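Alright, here's a single protein chain in two forms, structure 1 and structure 2, each given by itself as structure tokens.
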Structure 1
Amino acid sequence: MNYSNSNYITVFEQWEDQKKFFCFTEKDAENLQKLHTISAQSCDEVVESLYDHLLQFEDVRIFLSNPEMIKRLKESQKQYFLEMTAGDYGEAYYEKRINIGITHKRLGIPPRLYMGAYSYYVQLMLPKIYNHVDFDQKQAQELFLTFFKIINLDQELAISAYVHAVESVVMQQAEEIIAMSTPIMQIWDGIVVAPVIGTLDGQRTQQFMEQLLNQIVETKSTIALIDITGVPQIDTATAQHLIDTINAVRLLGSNVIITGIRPIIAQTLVHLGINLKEIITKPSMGAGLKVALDMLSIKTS
């Protein structure tokens, strides 16, 4: 999978660095394999205990209401738990951890729940490592530290994948909003209307301008009504973008009428010293349309 468009996710190319960053060495990988017997023996017990613990909480029971689902989750939880000590921390391991974060986001499970699960793992494994007959105090300490590192690495991957999943939703919505908020339509022979909704930033202006100019050329319209009723607040940047758009329209050979100037907008324009003198401005779309029809000498009865 390619996550290069995200700012937050740890991409696979960074995974090796990430391990170094967490001081996770080859030695740690070996150490974890030593723990594999313990994990294999106790994975049933650990997972059962984890779910008993989790299901004490009201809000967890809301997510985990279906017994079939719990059974499935326990199975994958065991798998997950065993993989932590399997000794292979390459691409497959990475992919799996990333997918867990994304899946949790999709199911709507809040991150605090699975972060809690990690903490619970640590609590359960600590006595098992320290009380094991094969390890003395020093070894146990080293092994536990290793276990703690892999838990930390797993958490980081899951959380960054989670944030990535949230981020992609936000990005997708932003694109949809942009596409939705600039409809341009011809309302009369020679007149197009372009309502602007929301603030005009650089990227939106570009798109708005392109659509408006193309529509003007396509419909051979000599008048463009730009309605800014939907613009909540105007600042110097927005005003400049608006002026740029107007200049571009004029270069094509069309005229612009700005409509929907609300009192607050008029006040801000004057306070900011923005000069719209050479542009026809009207308070309402109706008034603007009337001017446009007059300019085209179209009689309405």
Structure 2
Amino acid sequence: MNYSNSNYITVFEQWEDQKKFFCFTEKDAENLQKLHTISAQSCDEVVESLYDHLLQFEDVRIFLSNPEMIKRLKESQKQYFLEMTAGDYGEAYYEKRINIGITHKRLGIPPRLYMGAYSYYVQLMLPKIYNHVDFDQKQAQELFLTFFKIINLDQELAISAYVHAVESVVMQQAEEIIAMSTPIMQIWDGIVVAPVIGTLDGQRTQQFMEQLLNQIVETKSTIALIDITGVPQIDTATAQHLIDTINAVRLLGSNVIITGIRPIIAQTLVHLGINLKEIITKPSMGAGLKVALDMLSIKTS
């Protein structure tokens, strides 16, 4: 079970755990059903009042400027409001609440808007519960606390889904930036070049390694030039990532030439005890390319 069509968010069992964490019990489900008649009678009034309130704010009107869109949203909001007291808080309920956060993220609607809507629900329902003739003070208090629980649960699901959707976009953008900062290209038959810019961490190294190995296989290259001129510093982890990449390239039967090792990085590698004796190193990409061409017996003028 996922929050959305993408492979993301928690499995359904975690929803059950979340209900336990919020102390939401079968008794609460029964209590909410007692409020369903009030919800059904008040639904139109509550939703109209909610939108009258929201549309007072200019930043909200930016998102809710289309009358047809507002009409559809009101209908969806009525359904949403009624489901809160329908008594069924299983898998279908969970999925719908998760999709609220995802949909708001896709539409660009900020959490402030729908978090405010939850707060407004509480304000509107409070007097309706306490003033109802069927409930004494103690019953009204118990029912309102139950209603407050489901509001909190809905908020948690919506905001968690929203945050994860944002994080997914950030991660995708980060991967795209990494791909752009480690362009791998074939510059000659049998030779690929992989300039590295910035620090190599575990995630970036894995992506870099996969791209480099795929390019070597696709181009049938026998030499890989890895240029680290753009690497500002190196530590033990970074050095190990580099060695792992080199070893992976060698397993494919290709040679590796490291270029652009600056004096400060050379000193660091020696201090860390990193042995590059079996690896061809050159101070610049141009010098490395000349060696690569010589290895392929290609004459240069």
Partner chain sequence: MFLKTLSVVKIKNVLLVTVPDDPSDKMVYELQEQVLRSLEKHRSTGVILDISLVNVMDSFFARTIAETTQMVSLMSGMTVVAGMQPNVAITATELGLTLGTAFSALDVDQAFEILNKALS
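Not measured: the values here are computed from a predicted model. Here the rigid core means the biggest group of C-alpha atoms that line up within 1.5 Å when the two forms are laid on top of each other. Residue indices: 1-based, along structure 1.
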Pair member which, unlike the other, is the form predicted on its own: 2
Core-superposed C-alpha of residue 230 shifting 2 Å or more between structure 1 and structure 2: yes
Flag for residue 20, CA shift 2 Å or larger between structure 1 and structure 2 after aligning core: no
Cα displacement of residue 88 between structure 1 and structure 2 reaching 2 Å, rigid core superposed: no
Angstrom displacement of the CA atom of residue 194 between structure 1 and structure 2, core fixed: 3.3
Between structure 1 and structure 2, how far the Cα of residue 282 shifts once the core is aligned, in Å: 8.9
